[in-house]
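Given next, in structure tokens, is a single chain: the form predicted alone.
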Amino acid sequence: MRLIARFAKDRGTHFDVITVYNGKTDVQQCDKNKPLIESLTKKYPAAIWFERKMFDDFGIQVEGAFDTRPLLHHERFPKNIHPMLKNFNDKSLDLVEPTAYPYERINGDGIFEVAVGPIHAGIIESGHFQFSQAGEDILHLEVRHFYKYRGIEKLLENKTLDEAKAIIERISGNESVAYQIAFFEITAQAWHVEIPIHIRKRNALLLELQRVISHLTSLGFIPNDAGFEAALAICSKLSEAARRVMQRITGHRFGFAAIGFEIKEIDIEDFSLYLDSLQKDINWFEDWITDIPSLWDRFDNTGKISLAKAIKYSTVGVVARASGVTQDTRDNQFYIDYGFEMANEKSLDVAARFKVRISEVKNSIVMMRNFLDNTNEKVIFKSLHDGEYNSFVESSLGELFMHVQIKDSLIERFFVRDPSFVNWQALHTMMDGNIIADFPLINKSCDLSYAGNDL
């Protein structure tokens, strides 16, 4: 089984710890007077961030965990404060004197540490990377994020679905459409409404357009981090063109407020002409960049993650599929009927992740042509039902999992697991045999989200 998520709920008299696998969900009750659960990290290493988060959120201790350091709570966060408890209603915190974070260390002659971040030179979210080095060689990397803890899970408590929508769609800008679709599907479940096929097609079209924007951006920045700026110039032009198409269709470059039961008509002729142009551009780009040996010398065998480790660390999206994992939430009859083909590579490296992105852009063009449909039928609503609802969406970064519990027509518990939450945890496994100058290239080839983690 593949681990998807692990999170907790405050049930008043006890905690429920929910563990989601593919095809199975386990619920374990936990005594509030002695909140203790067993760690899953021996079998699922990626469980560790989930478990550390549960302690920060609820004070639930994890027995047998190899790491019990705070995850969300940084140096000045007050001790014994767990903001996801139902009785926590403070509007501010009394910050404490900072204590040094105990980074993992490797000792030995000639070994030194390099700290990168959390503030970076470019336009990038906060994130810290702690390297242990022997000269240029990377011995170990520790990733530390969550510098912009926004309290989104707490913020959404007691909100209506309508009030929550604008917040959820802005959690991670480069995955806005995916977040919207995940929440839209949960809304439909709660209203007991079957999503009409024309709306499913429109949602899928916008999701693929967002995937194209994301992949084109990465296809420019990956070569740029190998010193080949020309690719960035070309792909920046292509991704900007795609963003302008998104704005024409939805009214916003990031597709905010794009997903709903009422849809705007698309200029099919204009969009088809755009797809024709994009098809020519991506074919030319693939032929051009494939024929630059010096670039592939940097890509090949750099940042490898084996199939076994990709599975062990529960990776998703391009990171997983470039290591031979055949996992994609779109691998279902609906998408297959409209032209979906799973992209896979087996060389495990930056080159594989680059090639998967090109393949996915080309496949997205095929699907977007097939999704074009201006049907617009009225959807009849009945009544909102309390309950617990899940959704899965294949964002440009990988599988997005969302859970919403509704009680008395309000959100009782909101939880989302961004694909980057698991993929960040596998990043350190890609450092073996690489030098620190290759880190930006490896990191960019994974295209991981900071904002998607900093809830």
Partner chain sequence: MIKFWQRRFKSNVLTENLEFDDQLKHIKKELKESIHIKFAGSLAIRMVDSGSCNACEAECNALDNPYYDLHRLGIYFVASPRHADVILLSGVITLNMLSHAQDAYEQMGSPKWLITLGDCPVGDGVFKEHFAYKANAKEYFKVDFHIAGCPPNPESIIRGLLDFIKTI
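The structure displayed is predicted, hence computed values, not measured ones. Positions refer to the first chain, counted from 1.
There is another form of this protein, the form predicted in complex with the partner chain, and it is not shown here; the text below is about that form.
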One stretch from 129 to 137, 198 to 206, 360 to 368, 113 to 121 that, in the predicted bound form, holds residues within 4.5 Å of the partner chain by heavy atom: 113 to 121
The partner chain in the predicted bound form: within 4.5 Å of a heavy atom of each of K32, E97 and H192? no
Even though the partner isn't displayed, in the predicted bound form is L3 close enough to the partner chain, meaning a heavy atom within 4.5 Å? no
Using a 4.5 Å heavy atom cut-off, state whether G324 contacts the partner chain in the predicted bound form. no
Though only this chain appears here, would D281 touch the partner chain in the predicted bound form if you measure heavy atom gaps against 4.5 Å? yes
D90 versus the partner chain, in the predicted bound form: is there a non-hydrogen atom within 4.5 Å? yes
Interface residue in the predicted bound form among F271, Y338, F261, F254, criterion: non-hydrogen atom within 4.5 angstroms of the partner chain: F254
Which residue among F184, F299, Y313, F221 has a heavy atom within 4.5 angstroms of the partner chain in the predicted bound form? F221
Determine the residues of 224 to 240 with a heavy atom within 4.5 Å of the partner chain in the predicted bound form and present them in sequence order; the list may be empty. F228, A230, A233, I234, S236, K237, E240
